[in-house]
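Heads up, the chain below is alone and in the form predicted alone; it's given as structure tokens.
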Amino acid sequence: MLTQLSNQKIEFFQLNLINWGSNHFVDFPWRYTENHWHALAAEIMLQRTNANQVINVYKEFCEKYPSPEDYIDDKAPNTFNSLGLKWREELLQKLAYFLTLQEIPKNKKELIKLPGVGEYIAAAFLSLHLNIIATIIDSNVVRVYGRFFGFPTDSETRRKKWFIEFANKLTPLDNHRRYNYAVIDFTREICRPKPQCHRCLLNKYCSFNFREKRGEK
């Protein structure tokens, strides 16, 4: 579907996004943790939740529960009371129990077998916390790729084989960590559902921007 895209446009997107990310990197506390239990917990907290809302909850969580065993010992944890989606507490409890029986896997196939860990969390954990190449895909990634490269998207795009292959192609081997952080921050700050096109450094080749200037829908 995207075979006619020029390498120039792809390289422009990659290079400029990475440069933007380097200058706009957000110092969220979970981005620096070396505790893999905390890293996985943070990724679960961040699902469908504004990152700024997670900061204090995450800090308190880390102080109270240095290990999965500490979390299990708490018979009435309330991690998600202020974050909503309280069903995530049960998933985190199941995950903690599993991690008392085994080490955290370092490959995607095994990671997604863990409670609460799906494709996105597994990829984020590998790339962002272990620095192992992995492609991050969610609705935000679909949005920015569809807008910039000019293809239609829907709720199922992220699951389609052609899109996964395209996202893999865009994720650079050497700079995957910087690139993935940049995508996360860029879709939160600039390429929002209501985009901030006037602040976007990708306008030169952005298909969405061209359509907007022509008054197209």
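Here the structure is a predicted model, which is why all the values come from computation and not from measurement. Each residue number is its position in the shown sequence, starting from 1.
Beyond the structure shown, there is the form predicted in complex with the DNA, which is absent from this document and is the topic of what follows.
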property	result
Proximity of residue 139 to the DNA in the predicted complex, heavy atoms at 4.5 Å	yes
4.5 Å heavy atom contact, residue 159 and the DNA in the predicted complex	yes
In the predicted complex, residue 47 touching the DNA (heavy atom, 4.5 Å)	yes
Close approach of residue 121 to the DNA in the predicted complex, 4.5 Å, heavy atom	yes
In the predicted complex, segment of 59-67, 25-33, 150-158, 170-178 with a heavy atom within 4.5 Å of the DNA	150-158
Those residues of 86-108 which, in the predicted complex, come within 4.5 Å of the DNA by heavy atom	86, 87, 91
